[in-house]
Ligand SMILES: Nc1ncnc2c1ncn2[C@@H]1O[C@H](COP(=O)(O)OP(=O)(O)O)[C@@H](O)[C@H]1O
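Taking the form predicted on its own, here's one chain by itself in structure tokens.
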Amino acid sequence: MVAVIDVQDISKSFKIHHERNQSLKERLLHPRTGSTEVFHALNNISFTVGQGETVGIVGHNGSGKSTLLKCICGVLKPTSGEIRLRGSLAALLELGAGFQTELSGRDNVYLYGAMLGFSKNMVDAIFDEVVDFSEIEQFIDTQVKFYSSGMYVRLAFAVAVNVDPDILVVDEVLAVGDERFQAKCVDRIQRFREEGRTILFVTHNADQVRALCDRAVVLESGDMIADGATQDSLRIFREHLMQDAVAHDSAQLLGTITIDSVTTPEGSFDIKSGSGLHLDAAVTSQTAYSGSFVIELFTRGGLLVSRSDAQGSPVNLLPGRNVIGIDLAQVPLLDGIYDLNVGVLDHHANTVIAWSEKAASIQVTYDGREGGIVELGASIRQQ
């Protein structure tokens, strides 16, 4: 596979000034006042992205995700290391990045196209598609300084996906648009995947990473702690979230509760659509603990089918081995394999105390001819 993004030993540091004099007069009178601290945002990051891959980048706030993407896009220059790109790149790094607020939406479309090397005629050819996708036709000649955050996102995304890039870089901006427009953007990203484009995708939404990404890179305090299959990387990400949260709120719980297995009385996870299913989760606890039990069910493609209400599923764990029964009265799913995640959460803060990613896989068999995920039980008749 041809590497279209090659990141080799990238590091990025910033100088942080404390109590620095702001005026020229103060600096001349007190030249040695204040102190400087070096902040290491990225530490020796290396990975490659092949042509046609969709790679998610996940991490806590402040982990270095946006800094990494800005280095890849050329907005920031790395302190050390090298980045090689093959092909044209369009980026949505942050809300309205690159927009000139005094110009209209129309002018900004042409300006962005010019920055990407497009001639006026080339922008003319895609302009109507950009406006149609953005759904802000009545405001296209308004200065963008009067745009709402949702309008910024609509126009920025519409331009980025219509300039026909080889590489698309998206950094969290989809979280700003409304739910319907987010779905529209995800559909366009799916189309890009089918066309064999390369996509770098940063989001806090683990469900979107599962649904869209072939791989995921996990950053923590500027270090890369995982780079692999989406499920494996998200498991590592969850574990680090869990460790940080537990260490902050209740350090004594760290590692004291583990989910050992999920089984069925029959020893099989094969069921027919519409039938019920009983599962037993074996949980070992070193201490008595009262929390909530949560289950998630995903398609093999990473689409969330269901997530239980953790607040409605209290568990009281005793020291030693505990068995938690899970009863699914009816599983109205169509043919497919569905992955089950289970976890124990804190009652109050919803902090993950213990988690098992892909704890079991359920094979559902359906005899009908319907398509999709769920059996609706529709009754069709002529009036």
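Bear in mind that the values here come from a model prediction, so they are computed numbers and not experimental data. All residue numbers are counted from 1 along the displayed sequence.
The same protein also has a form predicted in complex with the ligand, omitted here; what follows describes it.
Colleague: Identify, from the list Thr67, Ser356, Asn322, Thr54, the residue with a heavy atom within 4.5 Å of the ligand in the predicted bound form.
Modeller: The option sitting close enough to the partner is Thr67.
Colleague: Counting any non-hydrogen atom inside 4.5 Å, which residue from Gly50, Pro332, Gly62, Pro314 sits next to the ligand in the predicted bound form?
Modeller: It is Gly62.
Colleague: Taking heavy atoms only, is Ala41 within 4.5 angstroms of the ligand in the predicted bound form?
Modeller: Yes.
Colleague: Examine Tyr366 and determine whether its closest non-hydrogen atom to the ligand in the predicted bound form is within 4.5 angstroms.
Modeller: Result no; Tyr366 lies far from the ligand in the predicted bound form.
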